[in-house]
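Just one chain follows, in the form predicted alone, and it is written as structure tokens.
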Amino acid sequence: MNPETEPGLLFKDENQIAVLPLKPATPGHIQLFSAQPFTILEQVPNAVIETMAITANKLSTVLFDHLNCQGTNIIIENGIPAGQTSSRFSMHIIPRRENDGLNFQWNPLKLSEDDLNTIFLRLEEFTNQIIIQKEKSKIIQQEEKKTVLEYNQENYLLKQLRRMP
């Protein structure tokens, strides 16, 4: 599926393309694609993900307000095993109503305590690294802001000196 040639093109900008798919899950189903040909979530830059999440939120609001839906599912099918059928990353915004016939329920797995602990330990280390990287990024941004402020202050003082006779 090429979102740019879909007959139900709602809008397009530099980051995203919103379409009404030819085979919707429910009336009003919107599919939001990345404008650039990223295949999976991990390839999409954070700024694009942020923009698409905000747009999905706004589209969900539109569905509530103008199609009188009672809920929405916002779904990312990330990779073929997850049900992804498009070669481009996308989000589905699916309007929901009581008794609409859709069933996104699954039966939870029953894992042993050992399996749960093993999975937890394998993931904990990597999720902590994400937090550490995020904190480092914040510190770098703060230092850059401080440097800019110091430069502006010095620049201001130099300008004042130049004005003195």
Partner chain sequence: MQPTEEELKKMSPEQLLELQKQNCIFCKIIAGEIPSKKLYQDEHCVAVLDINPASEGHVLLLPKDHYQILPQMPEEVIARMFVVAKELSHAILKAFNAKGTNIFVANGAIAGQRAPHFMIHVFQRKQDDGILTIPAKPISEKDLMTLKNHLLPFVGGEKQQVLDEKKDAQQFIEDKKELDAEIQEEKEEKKEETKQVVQLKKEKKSEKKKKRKQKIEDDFDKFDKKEKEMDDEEEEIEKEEKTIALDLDKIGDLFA
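Note that the structure is a prediction, hence the values are computed from the model and not measured. Numbering follows the first chain given and starts at 1.
Absent from the display: the form predicted together with its partner chain. The rest refers to it.
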Taking the shortest heavy atom distance, is residue 87 within 4.5 Å of its partner chain in the predicted complex?
no
Close approach of residue 17 to its partner chain in the predicted complex, 4.5 Å, heavy atom:
no
With a cut-off of 4.5 Å between heavy atoms, is residue 37 one of the residues that contacts its partner chain in the predicted complex?
no
Does any residue in 66 to 105 get within 4.5 Å of its partner chain in the predicted complex, counting heavy atoms only, and if so which ones?
66, 67, 68, 70, 71, 72, 73, 74, 75, 76, 77, 78, 79, 80, 81, 82, 91, 92, 94, 96, 97, 98, 100, 102, 104, 105
